[in-house]
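Shown here is one chain on its own, the form predicted on its own, set out as structure tokens.
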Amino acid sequence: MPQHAIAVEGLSFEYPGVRALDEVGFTVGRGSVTALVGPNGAGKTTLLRCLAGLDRPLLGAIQVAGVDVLDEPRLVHRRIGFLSDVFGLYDALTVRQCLAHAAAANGVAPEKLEQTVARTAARLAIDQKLEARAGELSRGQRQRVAIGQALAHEPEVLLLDEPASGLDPEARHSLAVLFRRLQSEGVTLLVSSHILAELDAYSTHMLVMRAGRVIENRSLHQAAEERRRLRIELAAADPRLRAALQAMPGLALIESDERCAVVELRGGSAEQARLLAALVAAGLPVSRFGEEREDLHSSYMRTVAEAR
């Protein structure tokens, strides 16, 4: 079994007069949930379409779920699920028929279609709409059916472009729970969205694109381990706080005033203990001292700032 669920090397793609992808290369580990982020025009949608075998690149190599996408695009379709940012449904078909058609088109045996449709509809909370025609559904319900079509054949890899578009807050929460469950079952997800708070709820990795290039590909958990962000609060304002923190080695001061500070500390629990002991020894009345997790938005903005 290949080590990576997705492996891309030297990928370039051009529209007339525009290079949308410029020698892109990266890997995505099996069982991860990778947030694909970047500004409009960064190449995210083009990348997803190339991975799904829908657009053929100018140069490069792509393997998804152990399949060479350029050599065997039809085979890869049976191993992946793909949701386009602009999707279409057969409006005259019922939800049941839409899901059954998607499953059958991707290799689900006829005798398993009924069970597959029921399971998929339950996962997306559309089991009460199975006999409704797709053209009669609300925007959010149509989005759920489209996601269901991508999931119906139990793919190894899911490629999703703006999957929560049109969903209400409750449905977005349910979708995040589903994605975490899929990951626990071994499914690999690559999800593009402009709503970073939504991605933060389930992502394990971050892939950042800018101007057709990948500028960062990292584990969010690894980033947290390497850079521990701490919040320090005092029981009473003390002008010595900032100077005391600036004098400590291995520490970066993010923000501070006379009563509160946020710092980044390289190291683990031992380094945190030494920092706390030093603050107390300096006579500072520490009332709160603990880790403050860097969310996906902050991590993304830091990556962009460092790349400039």
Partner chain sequence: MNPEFRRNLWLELSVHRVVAMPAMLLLVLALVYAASEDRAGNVALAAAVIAGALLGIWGSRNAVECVAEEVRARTWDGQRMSAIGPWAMTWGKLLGATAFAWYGALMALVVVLVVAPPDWSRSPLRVTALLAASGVLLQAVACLGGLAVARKGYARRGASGGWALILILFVFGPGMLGFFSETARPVDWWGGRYAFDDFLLGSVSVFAAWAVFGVYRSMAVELQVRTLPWAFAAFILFLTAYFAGFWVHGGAAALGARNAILIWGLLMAASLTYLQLFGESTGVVVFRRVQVRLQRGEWRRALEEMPCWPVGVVLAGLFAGLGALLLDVPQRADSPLHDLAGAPLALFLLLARDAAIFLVFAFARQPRRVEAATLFYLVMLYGIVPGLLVASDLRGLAQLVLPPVLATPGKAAAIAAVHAAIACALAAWRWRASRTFERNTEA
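Keep in mind that this is a model prediction, so the values were computed, not measured. Residue numbers count along the first chain shown, from 1.
FYI, the form predicted in complex with the partner chain isn't displayed, but the following is about it.
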item	value
4.5 angstroms heavy atom contact with the partner chain in the model of the complex for D22	yes
Partner contact for D168 in the model of the complex: the partner chain, 4.5 angstroms, heavy atom	no
Partner proximity in the model of the complex: A52 to the partner chain, non-hydrogen atom cutoff 4.5 Å	yes
Contact of R259 with the partner chain in the model of the complex (heavy atom, 4.5 Å)	no
The partner chain in the model of the complex: contacting segment from 38-46, 278-286, 238-246, 265-273, heavy atom within 4.5 Å	38-46
Option touching the partner chain, based on a heavy atom within 4.5 Å in the model of the complex, out of H173, H101, R181, H194	H101
Selected contact from N106, T204, T116, Q141, since only one has a non-hydrogen atom within 4.5 angstroms of the partner chain in the model of the complex	N106
Residues in 8-36 with any heavy atom within 4.5 Å of the partner chain in the model of the complex	E14, Y15, P16, G17, V18, R19, D22
